[in-house]
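Listed next as structure tokens is one chain, alone, in the form predicted alone.
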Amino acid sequence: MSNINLKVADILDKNREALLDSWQQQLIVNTRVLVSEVGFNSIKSYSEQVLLSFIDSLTQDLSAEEDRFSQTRVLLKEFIAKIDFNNVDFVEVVNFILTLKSSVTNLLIKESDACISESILNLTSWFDDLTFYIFSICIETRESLIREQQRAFMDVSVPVVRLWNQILMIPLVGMLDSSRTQQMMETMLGALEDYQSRVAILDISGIPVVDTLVARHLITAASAARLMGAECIITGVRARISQTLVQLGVDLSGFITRSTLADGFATALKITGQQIG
């Protein structure tokens, strides 16, 4: 165990209250949104725990391979888990540890001991490691949040509308890629089974560009519906889309297509032997 580390730990422990006050003041200035979102009392509680853990880590006799600040990392991860990244920029979260680094460094600079001055270099390296750890956790949390939002968007981006008895409509908006096609097929086939529907209308009015890939996805979905004994009607086939499909050599002749949703609905009524009025 380094005598320097013990001496630094002793200095930090003796000046703990002043150090906490300095840290809290910097947090209020540099992480206003974070303090407001998490709450001052909660920030203060975690600050005290992190500081105590940091001081305790300096007193441990560890080998070079062991992580001196493993417990501090655990506390930091718990703290980050409480943050809503929809409202807080992760730069402010990184500043949570950078402000502690600043407070500790400023305190030790006041010491005249040459050994203490040397220890600042080690502390800087350790704080940089903790900063990188926080940054990586923030990125991981943000990416996880984005993935959850994407999954939520996928769930609502392929809605199923029950237009009439035995008739479903799936409005498609935006780009139709492989993942959305899979989601659409699962949603459509599940709805066909649940409602015992005979017709599914795929409305592509909201798809800006229909190329070979999109056409292949539509054919795949329509074929899957037929395997369940249902007919698939593709509506929203505008003049520009039909010209593009012809130029690309895409053959949709085996499927029912209509230019408008109204025409598709009228066709669906005929297929199911129903009428309105």
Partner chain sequence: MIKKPQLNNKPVKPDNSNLIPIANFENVILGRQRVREMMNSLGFSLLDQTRIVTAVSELARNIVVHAGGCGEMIISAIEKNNKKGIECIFKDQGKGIADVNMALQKGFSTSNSLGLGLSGAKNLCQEFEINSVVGKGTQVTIREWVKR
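Positions refer to the first chain, counted from 1. Since the structure is predicted, the reported quantities are computational estimates derived from the model, not experimental observations.
The same protein has a further form, the form predicted in complex with its partner chain, not shown here; the description that follows concerns it.
Using a 4.5 angstroms limit between non-hydrogen atoms, R32 is distant from its partner chain in the model of the complex. Residue contact check for D129: none of its heavy atoms lie within 4.5 Å of its partner chain in the model of the complex.
Contact check for T244: a non-hydrogen atom falls within 4.5 Å of its partner chain in the model of the complex. Interface membership of S223, defined by any non-hydrogen atom within 4.5 Å of its partner chain in the model of the complex, is ruled out. Annotated contacts: V91, L98 and D211 all touch its partner chain in the model of the complex [non-hydrogen atom within 4.5 angstroms]. Screening 32-40, 227-235, 246-254, 48-56 for residues having heavy atoms within 4.5 Å of its partner chain in the model of the complex returns a single hit, 246-254. This chain is displayed alone, yet in the model of the complex one of I139, M175, V161, I109 has a heavy atom within 4.5 Å of its partner chain; that residue is M175. Of the listed positions (T181, Q166, S119, S102), a single one reaches within 4.5 angstroms of its partner chain by any non-hydrogen atom in the model of the complex, namely S102.
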